[in-house]
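Take a look at this single chain, the form predicted alone, given in structure tokens.
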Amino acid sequence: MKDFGIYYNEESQVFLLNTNGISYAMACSGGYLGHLYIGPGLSDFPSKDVLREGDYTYLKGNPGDKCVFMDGFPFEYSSGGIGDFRVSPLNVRNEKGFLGAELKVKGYEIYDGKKKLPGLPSTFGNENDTKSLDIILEDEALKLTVILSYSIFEGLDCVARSVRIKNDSEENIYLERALSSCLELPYRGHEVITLHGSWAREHIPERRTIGHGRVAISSDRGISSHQAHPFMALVSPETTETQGEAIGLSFVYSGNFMAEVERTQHDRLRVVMGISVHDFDWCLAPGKIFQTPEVLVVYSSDGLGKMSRTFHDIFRNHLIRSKYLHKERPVLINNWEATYFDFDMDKLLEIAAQAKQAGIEMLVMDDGWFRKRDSDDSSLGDWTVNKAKLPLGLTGLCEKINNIGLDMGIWFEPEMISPDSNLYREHPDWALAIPGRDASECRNQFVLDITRSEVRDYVYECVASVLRETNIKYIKWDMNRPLTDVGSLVTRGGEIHHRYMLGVYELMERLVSEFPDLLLENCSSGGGRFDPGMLYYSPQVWCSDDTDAMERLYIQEGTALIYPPSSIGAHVSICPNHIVGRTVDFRTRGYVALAGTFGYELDIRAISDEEKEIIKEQVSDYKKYNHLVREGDYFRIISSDNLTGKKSEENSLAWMFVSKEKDEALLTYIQERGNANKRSETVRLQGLIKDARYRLEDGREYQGDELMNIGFTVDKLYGDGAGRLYHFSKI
């Protein structure tokens, strides 16, 4: 296999991108760019046989065969309107309203490092670990230039893709569809895995077959959403955690998206991903450029587990920028489920004092601290402190919490405005609405028109002024409703959704630039905007408002299919759980939360002394094991039926973290449901050194290949929701 790099064969006109384990190949044919291959690494440039050039007399000069050619050629990036009837990544109309574009290769550039995407989150790399390729396509009739950008990263089987579209004409051009990637694959019985859900049950995997026609997922809610997720994986029927092919696509974007896979009449697969075409109509003026967000394409020939670990490393090494990425984050307690809106300074200080005794390091004050916010029907937009609750203001409260020995965090929902607010009474036009139509209220609130610069400036100063005046170390940035009635007095319809997201990204970029020491956690009613775009600005996202440990087993497993566990906001909460009413052992709640950022969502004043002692143990476990969760490789040892596609007879889930050096591992085993007269389960571990010897903290010793091939027999557990941690150290 060629070394890590990007190569071009002038004679055959073949492009070859080689990571350390896979190859990605394209070729020019008659000026058109076709896709050749993605898969295990090739030793040299491949032939162009899979383009089937001989099947198309159009390439030999017969114009009457153009339609057949357009509808069959495996384009790397195509456009609708001129004979390609498959799902298209690009639809362009000219000034007269005619649809069509024909893209031909005009040049290319290979370079070290990676260019930033203006105004958008994207992966990054330096000249030593990242190689990039720009392929320049052109439509001569429209005077339209389309630049396909590719980047690869040392040691990672991933290709990052994005597209720049430039209008070189003297007339407006209208983009009705501008997706970020298109992938052509042979159909070999592939199945597709997507993530679906709803509020409080996010990121649940669904695995299904691909029949002829199209399988599509999308969100048109203005957020990546609880209901769908900007991710799709194509897997072979035999793919499991440890074997089989998996091709994962993840969209680095936080707004409306779409992903489609079409099985064509000739049993080929075309896979596209990008900004949703719903309510998208972009006017590209002469000389202007439209930049699409980025898609990450990961290939694994070693099952879903390898795909997940590649995504984790991409996000950790080339996307998340926060100073907290490789640091142990403070153990926090949030007062939301403890008090909801019913709190004052005395209650918060009581919680802080008892939290300090248990080893907790930060108090986060959630919703309800501003103006007259005693319920969710007022005051969003009026970010002035409620002196009836906090007579010393934020500065005084923060000083008292700091004197107890805790850091302080605070909740904001900056993108929203309440109808009952001074801000709305002064600026009703600042809310998104279609002129002449009454807007829909959701959660008693409207969405601010972030496309407007004066609105962005107001929002930013509300948040930044608090941080400038107080010693607040953490912000939970919430976003609690979808976008409806999407209209603006200043922004063109069809462009609002995307310009809204560009505005949000601008706000977050300003925030992390002015306050680089801030720990920012994003949230959207839980996991409604948990996506790679948010991770570019915050190292963690609140995963779900459902904190029940048994529900979280599945929510966190689905989330960790793509995202590193260190980015998954996870807390221990009170029982009976406020969402589902279930009671789970306190220690098990800790085991599940340890597989994330770790913290507490409860009233520590109301729990028993025994449970307070368990908190001390859990904090100690966090300090002992977090480096494995944060930096190690993640393995699903027993995964859910949703991922495997096979019905399991087991009533347990298990996962493990293994250090990069393979000298330490943490296995978590959770028995979801107890069974009568059933033997202890034996589970086969992964990721260890086969000829190394490992010791548990109780003194038991095992050989690495024994643990991986014969397996490890867990201790007998009693009761629903029982769990156990096992820490292995290489001798």
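So that there is no doubt, residue numbering starts at 1 and follows the sequence shown. Everything numeric here is computed off the predicted structure, so don't read it as measured data.
The following text describes the form predicted in complex with a small molecule, which does not appear among the structures shown.
S.K.: Taking the shortest heavy atom distance, is S525 within 4.5 Å of the small molecule in the predicted complex?
M.R.: Yes, contact at 4.5 Å.
S.K.: Spell out, yes or no, whether the shortest heavy atom distance between W542 and the small molecule in the predicted complex is within 4.5 Å.
M.R.: Yes, W542 is a contact residue.
S.K.: Taking heavy atoms and a 4.5 Å cut-off, does W411 contact the small molecule in the predicted complex?
M.R.: The answer is yes: W411 has a heavy atom within 4.5 Å of the small molecule.
S.K.: Considering only heavy atoms, tell me if D366 and the small molecule come within 4.5 Å of each other in the predicted complex.
M.R.: Output for D366 is yes: heavy atoms within 4.5 Å of the small molecule.
S.K.: Would you mind picking the one in T491, S378, N480, T130 that has a heavy atom within 4.5 Å of the small molecule in the predicted complex?
M.R.: That would be N480.
S.K.: Pick from W336, F124, F75, Y458: which residue has any heavy atom within 4.5 angstroms of the small molecule in the predicted complex?
M.R.: By the 4.5 Å criterion, the partner-contacting residue is W336.
S.K.: Okay, which stretch from 471-479, 635-643, 112-120, 559-567 lines the small molecule in the predicted complex, with non-hydrogen atoms inside 4.5 Å?
M.R.: Selected stretch: 471-479.
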